[in-house]
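Only one chain is given next, in structure tokens, and it is the form predicted alone.
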Amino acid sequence: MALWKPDPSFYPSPKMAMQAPPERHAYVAALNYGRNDQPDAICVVDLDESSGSYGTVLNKMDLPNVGDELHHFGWNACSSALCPFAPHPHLERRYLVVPGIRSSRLYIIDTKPDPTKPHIAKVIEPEEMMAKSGYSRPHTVHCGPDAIYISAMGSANGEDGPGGIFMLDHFSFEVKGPWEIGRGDQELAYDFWWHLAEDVLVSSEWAKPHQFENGLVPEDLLANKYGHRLHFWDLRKRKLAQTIDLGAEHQMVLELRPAHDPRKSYGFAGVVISTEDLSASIWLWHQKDGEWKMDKVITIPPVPAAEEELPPALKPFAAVPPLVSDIDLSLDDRFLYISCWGTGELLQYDVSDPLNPKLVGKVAIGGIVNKKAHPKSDGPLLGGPQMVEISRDGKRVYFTNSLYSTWDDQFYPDKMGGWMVKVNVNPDGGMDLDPDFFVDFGETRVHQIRLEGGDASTDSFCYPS
């Protein structure tokens, strides 16, 4: 796993990463929870346009247990290993760290010697993970310069404690323990990322396990009991430095996307829904006078709909909320992509001026009411744009359609199957759905995508472009 020279897929700057060769395959988290007695899997999808098997599943690696519920996952190492203070510059981007968010089990999956035929190298059972970390329901994985960082939604006993972040050793994959030393009043957890040059970690809030495992709890949502704060931490001291409350009505502050250029101290956060008007929103964090500030820079309104077209959870509102469930930022910090899982739209904003985003592209597919088909799909599609991944050069965007098993069934009660599509991006803005790329996973649902050699939501950089 240690190399004499840095892994060739590590790049000092975002600009250098954008010059990398195109990805040839993707790893996709596939889940079967609540559908059958089959285990979840990691699927390998062919992305090489010159290949005879382009747009198909090359391999499906079934896990040994049933009921893990794969969700997010990530690489063991990435470009952050090149940071000047990184203790292990000769790590190798080789292993996928794959949590089961429902089982609290961690899989370490080796992508060598054949990257299209991954295999399990190690399993960290729930009892060990919880005993050593103090947490359960692992979620986001980030390859840090000094360790592998993983967020977790619950405490070890499930409910009576805060969610947070724990670390794995880069080499042995042993659980090192919880990351936080001084957490203040932080209680809820979800996503996190950082500004490495500023020694700042940013974390967001979703919910506790009882608020999501069996589906959205409408009473808790209407009472504004889901997360609505963003936390800023001293990364070196591992202590909470500042918290910003977006307002209780802004429920579920989920995905975080900081600028990739280390000279820029700003980033974007996505809010799923407002309990005031069902809108979704994007917020910009930035520094002003030595403090972190948050500004709402994008508002996405709901779409009116007839009651008979809506699932039971939405009938009283006579509208479809956008339900922004993922965002992603291109490596040049120019385009922000927003998944509107409810309305079935992927939006593209030019954020060259981050305080004044401009809508420049839109693709429609799926959606609670429209169920818009793909040219290669067999009829209408359930689900909508959900987990988004951008190629390093910014020319291709891939996305899948499943949010979380029980939430899928609440908002798409006709039992969605899994699919993955691709969008081709115009250099100056605008995008088009690729009519020839449609991967049908059958009744198996799909969530996170990781691209060969890295992507726009994996790597962190310490050198400016």
Partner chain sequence: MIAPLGPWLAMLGFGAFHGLNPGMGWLFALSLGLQQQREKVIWLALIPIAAGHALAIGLAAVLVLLGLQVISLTTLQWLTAAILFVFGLYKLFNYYRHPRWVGMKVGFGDLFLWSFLMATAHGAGLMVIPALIGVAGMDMDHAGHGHHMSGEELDMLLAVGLHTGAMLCVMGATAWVVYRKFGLAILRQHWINFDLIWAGALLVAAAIAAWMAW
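In this text the structure is predicted, and so the values were computed from the model without any measurement. Numbering follows the first chain given and starts at 1.
From this point on, the text means the form predicted in complex with the partner chain, which you will not see here.
Residue in contact with the partner chain in the model of the complex (any heavy atom within 4.5 Å), chosen from Asp378, Asp295, Asp160, Asp199: Asp199.
Checking Pro316, Pro301, Pro304, Pro87 against the partner chain in the model of the complex, a heavy atom within 4.5 Å turns up for just one residue: Pro87. Heavy atoms within 4.5 Å of the partner chain in the model of the complex map, among the stretches 230-238, 98-106, 276-284, 351-359, onto 230-238 alone. Not displayed here, the partner chain is approached by Asp146 to within 4.5 Å at the level of heavy atoms in the model of the complex.
With a 4.5 Å cutoff on heavy atoms, Pro22 does not count as touching the partner chain in the model of the complex; it lies far away. Residue contact with the partner chain in the model of the complex: Arg263 places a heavy atom within 4.5 Å of it. Proximity of Phe441 to the partner chain in the model of the complex falls outside the 4.5 Å heavy atom cutoff. For the three marked residues, Tyr54, Gly344 and Trp419, no heavy atom of any sits within 4.5 Å of the partner chain in the model of the complex.
Counting a residue when any of its non-hydrogen atoms is within 4.5 Å of the partner chain in the model of the complex, the hits in 430-465 run Cys462, Tyr463, Pro464.
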